[in-house]
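In the form predicted alone, a lone chain appears below as structure tokens.
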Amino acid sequence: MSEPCPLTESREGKAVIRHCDLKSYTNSRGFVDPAWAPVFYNPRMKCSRDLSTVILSAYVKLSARKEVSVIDVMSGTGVRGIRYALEVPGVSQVILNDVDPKAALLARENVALNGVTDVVKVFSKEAHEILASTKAEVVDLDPFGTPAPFIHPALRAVRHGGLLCATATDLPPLLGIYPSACIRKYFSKALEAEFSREQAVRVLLYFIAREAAKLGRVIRPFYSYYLDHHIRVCVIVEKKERSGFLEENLGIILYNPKTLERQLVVLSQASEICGGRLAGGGWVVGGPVWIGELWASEASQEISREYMARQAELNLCRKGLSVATKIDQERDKPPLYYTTEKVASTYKLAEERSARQLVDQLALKGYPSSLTHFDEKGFRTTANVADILEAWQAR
């Protein structure tokens, strides 16, 4: 079979990957969308793949597993799964799958090129078919758009205590720009707010937790992040039922765009709290969402350390280190971050403070605070809005 497209090679981490030369698909304005190539490869997602290899390494280490198997359900060129085989100690088997025969052909070439034919096998099946016929410790979903249709079969394919990672690139619904689409896909109403990127992660985690409950499973968030117009969550899946699990971890968002007050409310208290707040006017409700933690503390610490240790040797992207570092700082801070831009515009402040300066000022006043990886102008704090405004004026 002939090559599916004009090919070029790129190095990522320890892997050398053959992929379609995107220059061949540039339009008259000099723009190219990776989706235009016969086999999908997005070089802009390298940073996310850098993070993914470190996340999987942390999972293997912290779970104390000697070996893990991985299913890369929509593998394209095979770059992510091949990097797992090359860069993550303990990965004993990787299954690459893509429904497109052209992608499977190129993935096989890349497997041979990188010398991992003993570890990596390639299939060309529908996603639901490969998930129904295979079990693994790690299942990786990286579809074009929403992962929602694949969550249920992926949960069935993950072994007890295993890791499910899912990427979502359909951000407009999750950010509240198209709330009806979010309801249709995720059964959650998203708000358009300054903290919408965090909300997107919480909506996806809620959806996964709900689907898991149908199967008598529970999830524990391991690591989540926003990066370059996509979100990615990794959760540990346990095959057990626990009384009160959904009641404790699912809830709603209460938000007042006029005052910037916000709160996560557990479902069991939603009626009582919402009644009082909504009667006062100005408040809006979003959700349901996941209201529990977004990151496991040990995972956050290990990923930050490991990313720094690997960065120079594997040429990992700098932005990934910034994401990992900020997550380790924000993981124990209050949910639903603020942004300096929104505070300044809402309260008609003459000057916008830098988030770094404001965080330092709040910390001096005794309020635990941090930057957030979700937004360059974002910050988390235990301070209320009045205290934030007071710190804003301090010099």
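Everything quoted here is computed from the prediction, not taken from an experiment. So that there is no doubt, residue numbering starts at 1 and follows the sequence shown.
What comes next is about the form predicted in complex with a further copy of the same chain, which does not appear here.
- Among residues of the shown chain, residue 132 is one whose heavy atoms approach a further copy of the same chain to within 4.5 Å in the model of the complex.
- Looking at residue 315, you'd find every heavy atom of it more than 4.5 angstroms from a further copy of the same chain in the model of the complex.
- Contact annotation for residue 222: none of its heavy atoms lies within 4.5 Å of a further copy of the same chain in the model of the complex.
- Using a 4.5 angstroms threshold between heavy atoms, residue 232 stays clear of a further copy of the same chain in the model of the complex.
- Remark: of stretches 111-119, 144-152, 258-266, 190-198, the one touching a further copy of the same chain in the model of the complex is 144-152 (heavy atom within 4.5 Å).
- Here is the short version: of 308, 95, 171, 246, the single residue with a heavy atom within 4.5 Å of a further copy of the same chain in the model of the complex is 246.
- Between a further copy of the same chain and the residues 211, 238, 100, 228, the one pair within 4.5 Å by heavy atoms in the model of the complex involves 211.
- No residue of the trio 338, 345 and 379 has any heavy atom within 4.5 Å of a further copy of the same chain in the model of the complex.
- The partner is not shown here, but in the model of the complex the stretch 180-204 reaches within 4.5 angstroms of a further copy of the same chain through a heavy atom at 180, 183, 184, 185, 186, 187.
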